[in-house]
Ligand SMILES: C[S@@+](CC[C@H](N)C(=O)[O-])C[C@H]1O[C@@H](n2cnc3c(N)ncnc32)[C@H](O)[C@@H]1O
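Here you get one chain, nothing else, as structure tokens; it is the form predicted alone.
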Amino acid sequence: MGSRKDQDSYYRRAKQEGFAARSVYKLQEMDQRYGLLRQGMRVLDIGCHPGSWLQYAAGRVGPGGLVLGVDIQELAVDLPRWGRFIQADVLKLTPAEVLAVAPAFDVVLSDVAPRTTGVRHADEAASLAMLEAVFDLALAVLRPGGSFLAKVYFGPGVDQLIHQVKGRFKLGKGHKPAASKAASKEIYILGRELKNALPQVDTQTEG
């Protein structure tokens, strides 16, 4: 999907517009298509390095919102005052660590990917394990009606997970944005309007 010339144009455009990576245009396309982000929202970005999705989300939610990024690597960008960052292993991140920053989130995003080995089935399995962890975390921190968007390398088990997303959200589907490289096996799993949030620890205090 898209020529090498098109892919290079995404890279050049990202540099010109001050984004940390060309992957920002994948999020932009899906946001425009599915209406994911609005002013004042609280957004969790899991696996956020180098930070282009955080940059975009911060601009969309504005000063009245919140963006929280999580990654095992340090960020390569500066965040606005309504941005936060937790340096942590995605597979070890707990809902309590996230909910310590905000009581609930409107959107959970993830462009996280494992370190690839070149062994297709191993890379697909590692990607699916990450997606499953992100999905479980999203269910624990999203507010009712919230949205979920995460990347996975398509392979065994992905269709089953899409089915789970369809069961928990009013809309669940897979999507491959135009900015994805033609040879890439990646797709994005979308969930719009969480039907019911899982039980959460009450983070409110009296008074």
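Residue positions are given as counts along the sequence shown, with the first one as 1. The shown structure was predicted, so the numbers you read here are calculated from the model rather than taken from an experiment.
If you look for the form predicted in complex with this ligand, you will not find it shown, but the lines that follow are about it.
Undergrad: Against this ligand in the model of the complex, would Arg42 count as a contact residue? Criterion: heavy atoms within 4.5 Å.
TA: Outside the cut-off, so no.
Undergrad: So in the model of the complex, does any heavy atom of Val112 sit within 4.5 Å of this ligand?
TA: Val112: contacts this ligand in the model of the complex.
Undergrad: Even though this ligand is not shown here, does Val98 get within 4.5 Å of it in the model of the complex, heavy atoms only?
TA: Result no; Val98 lies far from this ligand in the model of the complex.
Undergrad: Can any non-hydrogen atom of Ala88 be found within 4.5 angstroms of this ligand in the model of the complex?
TA: Residue-level check for Ala88: yes, a contact with this ligand.
Undergrad: Out of Gly172, Gly157, Pro50, Pro177, which one falls within 4.5 Å of this ligand in the model of the complex, going by heavy atoms?
TA: By the 4.5 Å criterion, the partner-contacting residue is Pro50.
Undergrad: Using a 4.5 Å cut-off on heavy atoms, what residues in 124-162 are near this ligand in the model of the complex?
TA: Read in sequence order, the residues that approach this ligand (within 4.5 Å, in the model of the complex) are Met130, Lys151.
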